[in-house]
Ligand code: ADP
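As structure tokens, one chain now follows by itself in the form predicted on its own.
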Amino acid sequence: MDLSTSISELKGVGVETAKMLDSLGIRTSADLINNFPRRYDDYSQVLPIAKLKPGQVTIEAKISQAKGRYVRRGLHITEAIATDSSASVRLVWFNQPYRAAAIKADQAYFIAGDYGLHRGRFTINNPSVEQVSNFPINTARIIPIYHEAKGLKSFTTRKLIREVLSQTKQLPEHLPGWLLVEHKLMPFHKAVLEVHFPSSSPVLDKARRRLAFEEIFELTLAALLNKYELYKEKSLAIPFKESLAKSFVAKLPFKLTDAQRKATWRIYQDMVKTQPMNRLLEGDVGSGKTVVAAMAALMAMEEQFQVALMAPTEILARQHAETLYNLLASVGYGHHVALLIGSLKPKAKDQVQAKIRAGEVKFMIGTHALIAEKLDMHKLGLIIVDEQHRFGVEQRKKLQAKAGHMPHVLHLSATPIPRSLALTLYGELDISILDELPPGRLVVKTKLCSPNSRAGLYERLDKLLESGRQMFVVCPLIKEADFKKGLSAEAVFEKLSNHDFKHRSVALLHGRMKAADKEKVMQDFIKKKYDILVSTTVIEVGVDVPNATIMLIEGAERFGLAQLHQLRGRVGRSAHQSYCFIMLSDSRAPSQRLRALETLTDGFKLAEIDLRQRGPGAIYGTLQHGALDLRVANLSDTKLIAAARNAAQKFIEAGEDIKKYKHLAYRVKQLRAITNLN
């Protein structure tokens, strides 16, 4: 059997089963064996019936007195007696009428199921039964449990995987022999067999480690190859002018943090080289990334180079343009800043484009409009991409292509990413972290709230609004769902505007609104035309409304800690004390995970908790990154990540020809296409 064999050609796979497998992304034999179990049930210990204790059990016995009957309309019961040399036990199956006819009285069976007291008698309920053999697949072993679709049970998936593995020639090895020896890794064919049909728990751990190592190795090898390819490109060297930097810093109305100084110096060191910079500047909400970006742009403009900053939304682009104009005006560069966004009127847009073409505009700030074909950039030396994970790779490549050479690239991200995750996802980027907040910044007071306290909370919020402040109310859904009442922005907007805060001006904002409508609502909120803005997470990144000092988050359990922290960062952006109230879905005691928000203000620490407890998707739920499709690897396993990264580095330094390893070459090619810029 070939691994490219269509799933429909496997024995026992009809049209309906093929459809169910297809819904899980399983279309070939390769897809099937790469569909690793989501968990395991341990039925490996075969006990005499006389020694059974309540719980999951396995016995080896013969079955007799198998009879089925309907006890009432729609409910069928099959009962039987299992007997070994020590004792007998009752077996019961519900709605499995075929059982009695399938059982042979003189045959020895492995029987696995839940043993306990049922209607006054100890019984094994709904047990799996298969003939005794050297390789059982549903009993007498550690049983793999797979993701299921409607009508597709783990039993069927196990059976099909066993068939494929038994009919396929030994699976080819993906990794070099020296790497397997050096890192004491199990061969691939054995790891696949053991992960599906473990012979023991220790061996399963070794199999999972092998497969996890390969996943991280592929990712980091792709990233490093991208990085080394970038080294071959030539960029425009941007000299560092100390007097200009000192003049800019001296005129700032605040003092730079040490983290800002270190990051800026690293960026300056990158830009003086003809080797293109490719750096990620990661900083918590309010850590001062924009100032660092301004200092980088300043050096480029001083050399008559142009700078392009691309933001994910027009709202954020406008804010950047205003902030950067004010920062750069102090050293005479404010007039070189221009905004280019889709909503500009044609005449205004043409004027900006003409100034960019002539080189009069040196710092262009915009959204996807910067990628427009007719936009002719004069001399692009630096690209700054804000919240880069929100852009597709092709969009970023188009922006780079406009330079005619490889410009220096600085990525900004306010999403806290634990270092282990950042190194894995962004291995081709150099990383700088702003881990300090500017001095004197007030901590946002955070409180978890029970729905029972809502009336009292609303009274308190109304007093804060009375003092002239504004409030965000964030909901996890746009529209109401039967099973999640009260969590939609539309329902909350209706309730607040017509009942609880009907004496206040309330606005609604969500992702399905037209761009122009979203922009107008946000601008009106900034201009204080509304007291309350009910929104979905579209306000998660970048929105800066200093007068908004209250954040109320509904349905807190549906968000990751990193995302809740991001939302909290929308307030606390002025000299006024700010508050974040996190409303729980019910009156039960909140989890320790959520309680961390009341005491921790460090987004990186919160992201680490999310990574350990909920996986990488909780941190980067919006990530357009196929690299997060990790089936085995745990990104909190820092030792494994370090080992795999070192192995990838050694693979390159050893001059290995990746084409010798067909699968590895294929995977790395895929991953290079979806990781960052190159």
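Remember, it's a predicted structure, so these values are computed and weren't measured experimentally. Just count from 1 along the sequence shown to find any residue number.
Note that the form predicted together with this ligand isn't included here; everything after this is about it.
Novice: All three of 513, 519 and 536 touching this ligand in the predicted complex at 4.5 Å, heavy atom to heavy atom?
Specialist: Heavy-atom distance to this ligand in the predicted complex: none of the three under 4.5 Å.
Novice: Just to confirm, with a 4.5 Å cut-off on non-hydrogen atoms, which of 317, 291, 409, 553 contacts this ligand in the predicted complex?
Specialist: Selected residue: 291.
Novice: Pick from 285, 385, 299, 532: which residue has any heavy atom within 4.5 angstroms of this ligand in the predicted complex?
Specialist: In short, 285.
Novice: Counting only non-hydrogen atoms and a 4.5 angstroms cut-off, does residue 260 reach this ligand in the predicted complex?
Specialist: Yes - in the predicted complex, heavy atoms of residue 260 and this ligand come within 4.5 Å of each other.
Novice: Would you please decide whether residue 256 lies within 4.5 angstroms of this ligand in the predicted complex, comparing each non-hydrogen atom pair?
Specialist: Contact with this ligand, yes.
Novice: Could you tell me if residue 441 has a non-hydrogen atom within 4.5 Å of this ligand in the predicted complex?
Specialist: Flag for residue 441 set to yes.
Novice: Out of 87-95, 176-184, 277-285, 106-114, where are the residues with a heavy atom within 4.5 Å of this ligand in the predicted complex?
Specialist: One stretch meets the cut-off, namely 277-285.
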